[in-house]
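Below you'll find only one chain, the form predicted alone, shown as structure tokens.
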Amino acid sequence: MRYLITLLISTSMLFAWGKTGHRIVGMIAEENLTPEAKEQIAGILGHTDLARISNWPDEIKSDPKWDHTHDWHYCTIFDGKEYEGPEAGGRAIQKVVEFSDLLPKGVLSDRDQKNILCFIVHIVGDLHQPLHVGNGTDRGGNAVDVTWFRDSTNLHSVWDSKMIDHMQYSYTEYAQQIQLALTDEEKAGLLNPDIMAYVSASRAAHGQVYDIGDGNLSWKYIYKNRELMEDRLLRGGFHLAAVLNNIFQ
């Protein structure tokens, strides 16, 4: 079965976690892969630079041939409910599970292997951005109008990129910084491939994420949410490593 056709680049869309955020997740994951996973990923990609491929699933969104992938980037859990499946909205969880099962079976073409791996890297990152686990009422915060240092925007954009970009780190600097204090034991404890564990953590963060007062966001919102944002990026990297290590045993 063919899922994908070719690698095309476009830059005219909104990026989940922003390019920097996805690269942070990819770099942290790569640093925590097993030797077996690194070897097999290099066999698929020709390299093991996960940061390099992490944004491709966003970059091809504007190509009509990829319209069917738009709902692969999020899932929905209604307030007061448990996850009810893709029928609630968004197929991100379904796709990570499906692709994680399909990739090691050796039934795909080389191109489809590469593209599916790119999607796993990207979607796992997406699911750590709290607003990609939506509540079903406001398009993952896209319909929540706010200002960011007096500029009009929406809450989803603040979490995708504006807070990260405000720190003015390169993705390599940020990936290194948020891992600095971790011991080897703590790193091992973060290597959890359970998708519902990190989806539930993103959903549980909504109370803090949506605490926006009058919607005029600036330094106070950063001070309150920087630790949460960095924790989601950090865990995204380690959870992605765990997923890939589990696939490529």
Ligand code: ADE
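Residues carry their position along the shown sequence, with the first being 1. Note that the structure is a prediction, hence the values are computed from the model and not measured.
Form predicted together with the named molecule: not shown, discussed below.
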At 4.5 Å between heavy atoms, only one of the stretches 143-151, 161-169, 68-76, 108-116 reaches the named molecule in the predicted bound form; which one is it? 68-76
The named molecule contact in the predicted bound form: His132, any heavy atom under 4.5 Å: yes
Look up in the predicted bound form whether Lys95 has a non-hydrogen atom within 4.5 angstroms of the named molecule, and give yes or no. no
Decide whether Arg91 counts as a contact residue for the named molecule in the predicted bound form under a heavy atom distance cut-off of 4.5 Å. no
